[in-house]
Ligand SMILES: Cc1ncc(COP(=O)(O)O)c(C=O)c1O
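We begin with a single chain expressed as structure tokens, specifically the form predicted on its own.
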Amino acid sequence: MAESMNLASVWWDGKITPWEDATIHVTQIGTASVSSVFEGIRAYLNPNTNELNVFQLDAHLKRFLQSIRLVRLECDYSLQDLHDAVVSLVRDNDPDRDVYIRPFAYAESRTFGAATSTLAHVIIHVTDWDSKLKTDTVSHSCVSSWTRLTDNQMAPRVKASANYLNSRYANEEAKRNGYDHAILLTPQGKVAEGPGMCLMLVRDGKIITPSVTSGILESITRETVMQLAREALGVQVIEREVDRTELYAADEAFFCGTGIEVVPIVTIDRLKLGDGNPGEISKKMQSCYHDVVRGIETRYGEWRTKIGD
């Protein structure tokens, strides 16, 4: 793994701020996190041009603004303001590799119950995070004993930091039991998603994925993968409720998300999917996604924001 990049700055409430000066008081750490929402965005180097492309930038920022609104905070920044902020920040840090960009919004608060202000403070930072696309990474997964949270509890379509305690419980349980990842079910026993990533099954040459009302995040990567499956791979995609036993009956499966990218699932609850190796559609999707995010595939240019000088 390459040595970590040297971080020069963050964007904080409208201005580029030196990394070492981007601090809040220690007493704000816990209370600020209750109201916080965030996004995860990747930027990829094109190996042919050495250009850095931020992938699906505006789609992520639209969801970020939606999350801010749904937790009843006010934001002083427009989509264009945040777009320009990300581009300026990445340029200022001058990365020579793939990077991960995290916009983060929070409200000041003295207690865990209510914010002292409804104004969202916005921080954006960039760091390195190696891509695992086109590697041998696979997942041995399990169905978690933890249930996915619901819209009337902690709305999954809000990308809120507090929601990720549900993911942490499932992840930690999976790791303790010798698995790579967990799969969460809804309170009704239907398949939802993995902690921080969506799930795609393949049966009889078709991709099947839980609907957006199945306790999942309205995932940008999920939408991207579904469009690529239909247009680039010519594979039918079906969105519907998914039973637990369909996981075991699947010919193949894969996770998808900004962080995990596209990772084939080869076993679930120690039961092999297919022959226990990455499936053909999973491998084709991983390769297709790799080429699109890096700009090797010239189509879908509207999804990529180039970071120039």
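The first residue of the shown sequence is 1; numbering continues from there. This one's a predicted model, so the numbers in the text were calculated from it and none came from an experiment.
The form predicted in complex with the named molecule is left out here; the points below concern that form.
J.: Have a look at 266-274, 243-251, 45-53, 59-67 and name the one stretch with heavy atoms inside 4.5 Å of the named molecule in the model of the complex.
T.: Checking each option against the 4.5 Å cut-off leaves 59-67.
J.: Looking at 209, 144, 221, 141, which is the one with a non-hydrogen atom within 4.5 Å of the named molecule in the model of the complex?
T.: Contact check passes for 221.
J.: Using heavy atoms only and a 4.5 Å cut-off, determine which of 217, 201, 123, 85 is in contact with the named molecule in the model of the complex.
T.: Of the listed residues, the single hit is 217.
J.: Does residue 278 reach the named molecule in the model of the complex if we count a contact as any heavy atom within 4.5 Å?
T.: Close contact is absent here: in the model of the complex, residue 278 is far from the named molecule, nothing within 4.5 Å, heavy atoms only.
J.: Please run the contact check for residue 169 against the named molecule in the model of the complex: heavy atoms, 4.5 angstroms, yes or no?
T.: Outside the cut-off, so no.
J.: Residue-level question: is residue 103 within 4.5 Å of the named molecule in the model of the complex, judged on heavy atoms?
T.: Residue 103 lies outside the contact set for the named molecule.
J.: So in the model of the complex, is the named molecule close enough to residue 197 to count as touching (4.5 Å, heavy atoms)?
T.: Output for residue 197 is yes: heavy atoms within 4.5 Å of the named molecule.
J.: Do any residues of 161-180 have a non-hydrogen atom within 4.5 angstroms of the named molecule in the model of the complex? If so, which ones, in sequence order?
T.: Heavy-atom contacts within 4.5 Å come from 164 alone.
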